[in-house]
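Below you will find one chain, with nothing else, as structure tokens; this is the form predicted on its own, and questions on how it binds or moves follow later.
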């Protein structure tokens, strides 16, 4: 099934080494290795039958390669978010410029202060969106997002978070009713309707896989997750994200898929 035709990514900048981090995965990113990993990520996406728009690096914003957060791209509209991390609020103009290549002005919406919303907290399941209420995404941001979606015949529901940075840190939908869950999401009733595949605690980082046109891209180095995804019948590709993991980034963070 082909659902996505386009992907937007943004090259990591040298300031990546100063990106926001919880310290959960120690060490500073190696910039040159991060670049090579980004090249491999783009190559994997292209193998999934999408065209990839590559935005230039921006040294003013260390976390700006994580393009998932400043925008949410749906079948009917684009939503430019208002990141909850103050150091990331300036990332939205460059993303807006890129989004305008694909969406008309009357289908581009915005989250406004005092609402905050980051795309890492938004998980698309058909025309329904699960939205994590987190340190980065507040109730007002979710209210605005719900109102935007309603204009286009789509819905959302709030999922309070207690442990992880973003919703998709611990739960990711792989289409066909399958969902990878870890940590606080294993028994959440919000996801009871789906076939939930529990990720072992020691491979929790790899809950953040991405489905792209019936291929699932899996972080390299997590054999139990790779086996579980293959067991669901998906074609798989692996990409090393070790340098992005050090600043709390995963596979989904690095692209906008639409």
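Positions refer to the first chain, counted from 1. Just so it is clear, the model here is predicted, and its values are computed rather than measured.
Another form exists, predicted together with ligand CIR; not displayed. Remarks below refer to it.
K.L.:
Should residue 24 be counted as a contact of ligand CIR in the predicted bound form, where contact means heavy atoms within 4.5 Å?
P.N.:
Result no; residue 24 lies far from ligand CIR in the predicted bound form.
K.L.:
May I ask you to check whether residue 72 falls inside a 4.5 Å heavy atom distance of ligand CIR in the predicted bound form?
P.N.:
No, residue 72 sits far enough from ligand CIR in the predicted bound form that none of its heavy atoms falls within 4.5 Å.
K.L.:
Looking at the partner-bound form in the predicted bound form, is residue 248 within 4.5 Å of ligand CIR by any heavy atom?
P.N.:
It does: once ligand CIR is placed as it appears in the predicted bound form, residue 248 has a heavy atom within 4.5 Å of it.
K.L.:
Would you check, heavy atoms only and a 4.5 Å threshold, whether residue 120 touches ligand CIR in the predicted bound form?
P.N.:
Residue 120 belongs to the contact set for ligand CIR.
K.L.:
Decide yes or no: are 20, 63 and 253 jointly within 4.5 Å of ligand CIR in the predicted bound form, with each residue judged by its heavy atoms?
P.N.:
Contact check passed for all of 20, 63 and 253.
K.L.:
Please determine, with the chain shown alone, which of 124-132, 161-169, 181-189, 105-113 has non-hydrogen atoms within 4.5 Å of ligand CIR in the predicted bound form.
P.N.:
Within 4.5 Å of the partner lies stretch 161-169.
K.L.:
Residue by residue through 129-160, which ones have a non-hydrogen atom no more than 4.5 angstroms from ligand CIR in the predicted bound form?
P.N.:
Residue within 4.5 Å: 136 only.
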